[in-house]
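One chain follows as structure tokens, the form predicted on its own.
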Amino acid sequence: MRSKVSIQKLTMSYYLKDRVVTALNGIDLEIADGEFLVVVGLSGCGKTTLLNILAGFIKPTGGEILLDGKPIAQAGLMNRGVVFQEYALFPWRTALQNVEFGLEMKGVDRKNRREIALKYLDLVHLTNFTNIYPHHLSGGMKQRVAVARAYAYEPEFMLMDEPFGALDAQTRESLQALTVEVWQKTRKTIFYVTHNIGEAVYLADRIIVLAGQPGRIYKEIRVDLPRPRDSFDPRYVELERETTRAVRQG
């Protein structure tokens, strides 16, 4: 399968008082076009640092990242969509207007951006909430609006950083299933960061385990399970155990 993202000898170091801290050390990683890649690891292993570099929010101290063969540049470009744990919705905009925002920045005319925004709100099952403001939406609904907004301007590459970490277990499970549903319909390349091992096994085509001191890839785990996935499947349980052992040992 064609490589969508190529990470080559990526390093990230910074000064902390009187010493240099290495957050990432020589990361080499190929992400296939349309792949759902999930990154796990203990706190401080460099997961979010790597995501922020991919998003263009911070500049690495060494190495290179290519998207479709071209170097990834600064943040703000429309070729990447980012979803964080914080919803970051505009409180003065309705759900529809929030989803339209990226399309406005892209210069899409009013009629077309409304049609596109409605399409993605329908994709996340929020057709009946288009004119509702964020303060009237539940946490799960707000995150669905954030996901729809990130998808609406058709980015080449999706980055998701613990997007469901602040939600209750039932809502989280519902949004995990929705994420798989949207991914299967759009086939966007996804880089997903989580601390939740069960979530990683449920979502991923491939799991990358990062190890700290310094940040490096400790193990890659293929998740060759059909979707939808059953958390009681013995193979699913074994993959959870394998991933948990790798996180602890890394």
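A residue's number is simply how far along the shown sequence it sits, counting from 1. Note that this is a predicted model, so its numbers are computed, not measured. For clarity, a rigid core is taken as the largest C-alpha set superposing within 1.5 Å between two forms.
Missing here is the form predicted together with a small molecule; even so, the following discussion is about that form.
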Partner-proximal stretch of 178-186, 46-54, 199-207, 221-229 relative to the small molecule in the predicted bound form, 4.5 angstroms, heavy atom
46-54
Among L42, L29, L67, A32, just one has a heavy atom within 4.5 Å of the small molecule in the predicted bound form, namely L42
Find out whether any non-hydrogen atom of V21 is located within 4.5 angstroms of the small molecule in the predicted bound form, and reply yes or no.
yes
Please check if V20 moves between this form and the one not shown, taking a CA shift of 2 Å or more relative to the superposed core as movement.
yes
